[in-house]
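Next up: just one chain, as structure tokens, the form predicted on its own.
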Amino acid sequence: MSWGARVKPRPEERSRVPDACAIAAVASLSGNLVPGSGIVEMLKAMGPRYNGLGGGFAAYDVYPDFPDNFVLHVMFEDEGSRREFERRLGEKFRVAFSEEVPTRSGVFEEHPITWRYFLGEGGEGFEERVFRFVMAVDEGIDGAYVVSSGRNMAVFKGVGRPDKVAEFYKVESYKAAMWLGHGRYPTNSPGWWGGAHPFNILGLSVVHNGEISSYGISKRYLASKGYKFIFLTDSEMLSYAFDYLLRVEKLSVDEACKVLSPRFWKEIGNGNEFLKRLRIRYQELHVNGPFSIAVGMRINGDLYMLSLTDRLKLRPLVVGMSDDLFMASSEECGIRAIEPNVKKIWRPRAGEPVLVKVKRSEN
């Protein structure tokens, strides 16, 4: 008989926050531009919720010189992968402008090469062509990862605390009509640059706190529809699920939320045939497990921000409003960090979507 099996948790295990990560979002309801420093302050207020293995930001209406261009932000492991990406990109699209994303030296010892590409319009079916190209790149070019692909928007993310990621990408130098932010505490997937949040496809971005126990069946379903999974985390699935339901299946945002966070059968009862059909038709996309999310999206030229939790609200979510700002956060302190005099603050009910429309910026 051998002895020595550990029966008590180590100190670092005791300090783990079981419901981390931190999510944050802020939008100007009139389309005014919000400095990037604001979303950083929201996340800094929730520092105990993340451990430095991932941070990131999504910004909308952030490129005033290219208000109507689709923008690809791409991470490269080396110059070879960048050359191959640019060769393929040139075969499919007209590039109006490209450059390396400005960064600060000395923040991280190692980091990928990150470039942005502003695409010229390509006519009918343009979004579908971009989607297929992004999927082909992520699966087919070793060392190249498209981290955002949307009109006049950008994703900045990496392995580090959110404030360090913001410092690296000079987030304080940007202004945007809407921001999403994330501080990561990975529990069942690795911390790596591509796997940090937000996750994005065609202008739809998601930041997520929680764990999706139904990830396997949802992944198989979406893979059968042409989505490629390469980022090694369940959160990636949420951005694809929203894209599929909204863009491909043409569901409304409210209907998509009812698919992902469905009512219980006993709540649906015998009277609502539409909710029954949604549950049956999209049963592979029901999200089981604890989650709270903030979603940024552009629909018919307008910006929207969505906040949603699972149907039991096993992860926290707080929303607030001032005269011009709408904010969502894992904790109230995140909201008060950017707006100390918030006029209205509340905690949405389990599975209740909170959707706000952000006017298109004219600045």
Partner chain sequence: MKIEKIPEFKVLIDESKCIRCKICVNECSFGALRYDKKKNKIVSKDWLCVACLRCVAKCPTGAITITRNPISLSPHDYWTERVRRDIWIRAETGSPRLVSMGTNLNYPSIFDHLLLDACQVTNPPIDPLREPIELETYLGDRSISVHSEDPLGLMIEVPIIFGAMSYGSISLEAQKALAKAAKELGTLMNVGEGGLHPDLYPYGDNIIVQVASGRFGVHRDYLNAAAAVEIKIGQGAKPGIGGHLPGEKVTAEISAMRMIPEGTDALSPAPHHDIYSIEDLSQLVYAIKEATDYSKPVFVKIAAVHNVAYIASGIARSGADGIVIDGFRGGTGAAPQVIRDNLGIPIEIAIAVVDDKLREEGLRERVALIASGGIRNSGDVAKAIALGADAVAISTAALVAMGCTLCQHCYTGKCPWGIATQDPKLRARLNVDEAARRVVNLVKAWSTELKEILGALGLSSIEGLRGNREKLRGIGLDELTLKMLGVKPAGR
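Residue numbers count along the first chain shown, from 1. Please read all numbers here as calculations on a predicted model, not as lab measurements.
One more form of this protein should be noted, the form predicted in complex with the partner chain, which is absent from this view; the next part is about it.
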At the 4.5 Å heavy atom threshold, is Tyr282 in contact with the partner chain in the predicted complex? yes
Please run the contact check for Leu251 against the partner chain in the predicted complex: heavy atoms, 4.5 angstroms, yes or no? yes
Any non-hydrogen atom of Tyr215 within 4.5 angstroms of the partner chain in the predicted complex: yes
Should Ile299 be counted as a contact of the partner chain in the predicted complex, where contact means heavy atoms within 4.5 Å? no
For a quick test of understanding: in the predicted complex, does each of Trp265, Phe274 and Gly289 have a heavy atom within 4.5 Å of the partner chain? yes
Assert contact_stretch over 38 to 46, 325 to 333, 64 to 72, 310 to 318 against the partner chain in the predicted complex, heavy atom within 4.5 Å, equals 310 to 318
Note which of Glu211, Asp138, Glu77, Glu86 lies within 4.5 Å of the partner chain in the predicted complex, where distance is taken over heavy atoms; exactly one does. Glu211
In the predicted complex, which of the listed residues (Arg104, Arg94, Arg132, Lys225) lies with a heavy atom within 4.5 Å of the partner chain? Lys225
Heavy atom contacts to the partner chain in the predicted complex at 4.5 Å, residues of 148 to 180 in sequence order: none
